[in-house]
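Consider the single chain below, provided in structure tokens and representing the form predicted on its own.
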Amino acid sequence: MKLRKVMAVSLAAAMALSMTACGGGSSQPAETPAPTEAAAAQGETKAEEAADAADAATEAAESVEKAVEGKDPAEIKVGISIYQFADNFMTLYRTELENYLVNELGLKKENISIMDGKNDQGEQMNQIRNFITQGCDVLIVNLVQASSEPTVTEECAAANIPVVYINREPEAEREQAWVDGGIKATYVGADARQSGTFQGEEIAELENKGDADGDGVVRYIMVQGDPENVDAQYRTEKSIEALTAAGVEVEELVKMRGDWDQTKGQEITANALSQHGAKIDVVFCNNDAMALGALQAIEAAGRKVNEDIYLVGVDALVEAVENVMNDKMTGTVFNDYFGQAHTAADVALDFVNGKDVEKVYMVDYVKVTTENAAEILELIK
């Protein structure tokens, strides 16, 4: 600022000198009286005021520029609650989420708190309330129970903290309520209907359309995740719809809840094979963890995948993709945790920086079969 004032004062002095050097309109030189001390002082004051105004304008411009850029990522505090650390897929997801926040977006690791909900809604609510008390700038929440979303949203909104829901989608009416109420909440995930459809198509696209015993009817067992979870609902429903849409006659032999768990997947499939034996043509599993358990039961029963029985899952865990490559699973569906984690992180920072955020962001699934399994494996390993 001092430099600008000096320049302004010098400019004023130069202008005064130029006034004494320049005449009026007469052909005779005109005598111009020297400026008084008061006039010079007044000129200096005006010059200083002009310099101050220029500084203020510069500071204002810098302030606007900073506002556009948003909050320094190194200062942003993020609270993340995952429904259960033991979930294979969510382990991949949260690892990528933290990696992207720190290494790509510039957040400090110590400002990111990731908590295990332990599949207990009460435990998760305590975590969310602690995040609010700690003054987190934004929350990223993988709900234990989708039905708890109204309570979570209400408490976050009361604290003026945005929330990004991931993986388990709330009801569509609730998503619209965020928009109608001007609430800072969004959902980032993948359309579970697409994943279920892809599972059914993987079977329907087989030469025998999944009819392993050739009797004209595809008999199947369905190993579900959590029936309350919309992903489990859609994968269960849409996989079979895709088969019937392809003209396949189907018969459900067993449908049981496996809670996304490998051991339960093994137990359900083992019991079904013991009860129905060779009648089972296809084992549908809502996720790969349960499919890996189902494979254990299939092999223990002396059955062989892709010869006398078919097996599909969802998530594209490394082991599952390797099984597809090795003819131990018919197929799986890549649940793109890279795209979802990156989108969730980007949207969280958009909230913090006051940018417009949509109510829903969807990332596409990808079918994984023998044709592209090696390519998918290269991506996820």
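No experiment lies behind these values; they were computed from the predicted model shown. In case it trips you up, residue 1 is the first one in the sequence shown, and so on.
One more form of this protein exists, namely the form predicted together with a small molecule; it is left out here, but the text below deals with it.
Contact check for F89: a non-hydrogen atom falls within 4.5 Å of the small molecule in the predicted bound form. The small molecule is not drawn, but in the predicted bound form it has a heavy atom within 4.5 Å of D231. For the chain shown alone, N335 is a contact residue for the small molecule in the predicted bound form, at least one non-hydrogen atom being within 4.5 angstroms. Shown alone here, R168 lies within 4.5 Å of the small molecule in the predicted bound form, counting heavy atoms only. Put simply, of Q199, S81, N287, T269 only one has a heavy atom within 4.5 Å of the small molecule in the predicted bound form, and it is N287.
Looking at 271-279, 172-180, 148-156, 223-231, the stretch with residues near the small molecule in the predicted bound form, meaning non-hydrogen atoms within 4.5 angstroms, turns out to be 223-231.
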